Ligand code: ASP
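Quick setup: one chain, the form predicted alone, written in structure tokens, and binding and motion questions come after.
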Amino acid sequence: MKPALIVHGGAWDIPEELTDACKNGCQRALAAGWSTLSRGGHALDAIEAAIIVLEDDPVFDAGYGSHLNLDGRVECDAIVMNGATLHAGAVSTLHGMKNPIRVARAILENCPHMMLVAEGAERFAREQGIALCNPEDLISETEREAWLKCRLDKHAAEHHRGHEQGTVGAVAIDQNGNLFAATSTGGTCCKLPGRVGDSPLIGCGCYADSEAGGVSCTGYGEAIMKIVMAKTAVDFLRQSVVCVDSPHGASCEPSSAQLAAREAVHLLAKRTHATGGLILLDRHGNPGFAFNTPRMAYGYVALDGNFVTAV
């Protein structure tokens, strides 16, 4: 099977001066993941490599550069899901972890549970040999300044690079058909301490099923949870799409991935009146993406092996 990879850096009102930085981040994430997939490597290794690049880039709301909560601290969430087994590893409210996706993977592979939070997650990380960092090392100067402005001048969207969005994600399929999806985030700015959004919740911010496809979502978490958007998009992939101008019963396979993505985002807007976006790969590796925000940072590997990035 031909490997496939798609990534995103969040759906939000990305300002013009940050578009190049967002595209470059997605480009580097694709390069990191594709270097594994193109050599016959495993999808889980590829997806972790891609997410780590995005977590390390302060232009995105994940890992270093995450939004700060009401107390001025970073609290990170992440998830990775195996499409073959439907097993997931998820973490939430991590304070001192540079790359939360590494802990999510450790839970997926080495924990009897599918989700750990806060102190318990950090204890498990240490037991797995994953070093914690000083929580202060996760705070970028841009986000510290934004948090201070919110404290002095109420909670104002204009203080932030995307007030509710900026989550990162990836979906990959390797040459053996292994399908994995992952999402990582710092959550919303000035959120209440302990808040958990859609990102680490199976079926909400992420879902993967090898019989249909894999999805990573971004946007207003409380709304995404209401429609279980990642699982909803995967269920749309299960449905046969019939072309209007084709013989009765003919399937529009090349466009089904894109249509599934659009339908899920349309449902988000219709039922919750909120904004967001998603990326996906269907079980054949066809990419799809959709968003109803002004912009979304994303990229995928085209059939010819070239990287396609956009904001």
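Numbering starts at 1 and runs along the sequence shown. Nothing here was measured: the structure is a model prediction, and the numbers come from that model.
There is another form of this protein, the form predicted in complex with this ligand, and it is not shown here; the text below is about that form.
- The contact residue chosen from Trp147, Phe124, Phe236, Tyr220 relative to this ligand in the model of the complex is Tyr220, the criterion being a non-hydrogen atom within 4.5 angstroms.
- Proximity to this ligand in the model of the complex, taken as a non-hydrogen atom within 4.5 angstroms, holds for one residue of Thr232, Thr188, Asn82, Thr93, which is Thr188.
- Heavy atoms within 4.5 Å of this ligand in the model of the complex are found in one stretch of 194-202, 109-117, 129-137, 171-179, which is 194-202.
- Although the partner is absent here, Gly166 is a contact residue: one of its heavy atoms lies within 4.5 angstroms of this ligand in the model of the complex.
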